[in-house]
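Okay, so here's just one chain, in structure tokens, the form predicted on its own.
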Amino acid sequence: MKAAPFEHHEPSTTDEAVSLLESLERPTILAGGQSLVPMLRFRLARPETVIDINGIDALDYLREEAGFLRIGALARHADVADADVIAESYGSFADTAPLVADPQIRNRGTVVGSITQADPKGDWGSVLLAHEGAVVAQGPDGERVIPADEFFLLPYDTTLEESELVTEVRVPTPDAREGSAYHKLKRKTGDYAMAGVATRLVFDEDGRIETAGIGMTAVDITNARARDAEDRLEGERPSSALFEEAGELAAEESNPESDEHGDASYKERMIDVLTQRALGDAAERAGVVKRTVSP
């Protein structure tokens, strides 16, 4: 099936794109097209206007700058998978990128587009939450930095204003004693997650957990943090027993629904297991522990 007719705009600057967003009636942004193109083809989406931002070269970047990892709106999943800085310092990002869909989608789909889509089964939202990252949006009144904790409202709904364009997502550059990881359960290669967990651990000089971040995928109405589990971890030394407690707390905080892929209790159990595994990997990557047994 072909897409229904729509008006197509190709701005070359961010300001031009924002101006179009402000002046046109309910336009839709096209970046990688990971979600939008299939919806257009099956006519599940019938926008009157599409603003194609692929010509805005200034949004195509992935770099460390001023204390942050900055991922521009046109950076593809494959760019994250291939970046040396990701492989060296951002374990959760390195884990996640190869797990997104299939190679064709990873070569065209964007990290920012996936996060802005706000699908609770999307992987990147959980990573952003675990890292206490932020979404940067450009609107008619200038730039707005939205903490990840304040971005996701409902499935496919965020705090983004209609006239705002997301230009990048950012996370703090890692400390010397920091590690992160992402684990995902899916039916087969290319599927969305049945359940997923992103973790980030920062240790103090004494080897105690100073900061813990846990983001969960596909087990609530949005990507969600496991705050009780994070609180249990902070101030403690890492151990299998501690990570088991955190896994149980994360499972209790999840709110999955039963569907054709499994009942809710099974998904809660998977959150428990995935949390323990991701915490173990994060602690090991921080250089604090050497794990010998996986849960």
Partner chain sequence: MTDERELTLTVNGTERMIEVEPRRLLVHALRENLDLTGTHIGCDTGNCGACTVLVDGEPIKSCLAFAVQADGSEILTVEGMEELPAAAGELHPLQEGFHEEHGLQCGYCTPGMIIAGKALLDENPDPDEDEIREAISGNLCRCTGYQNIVRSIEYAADELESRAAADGGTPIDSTNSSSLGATGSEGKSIDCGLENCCGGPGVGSGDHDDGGSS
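Please read these numbers as outputs of a predicted model, since none were measured by experiment. Numbering follows the first chain given and starts at 1.
One more form of this protein, predicted together with the partner chain, exists but is not displayed; see below.
Interface residue remark: residue 103 is counted as part of the site for the partner chain in the predicted bound form, having a heavy atom within 4.5 Å. Of the heavy atoms in residue 41, some are within 4.5 Å of the partner chain in the predicted bound form.
The closest heavy atom approach of residue 240 to the partner chain in the predicted bound form falls outside 4.5 Å. For residue 57, no non-hydrogen atom is located within 4.5 Å of the partner chain in the predicted bound form, even though that partner is not displayed.
Here is the short version: of 249, 62, 30, 270, the single residue with a heavy atom within 4.5 Å of the partner chain in the predicted bound form is 30. Checking 147-155, 165-173, 83-91, 186-194 against the partner chain in the predicted bound form, the stretch whose residues place heavy atoms within 4.5 Å of it is 186-194. Of the residues in 45-69, those that come within 4.5 Å of the partner chain in the predicted bound form through at least one heavy atom are, in sequence order, 48, 52, 54.
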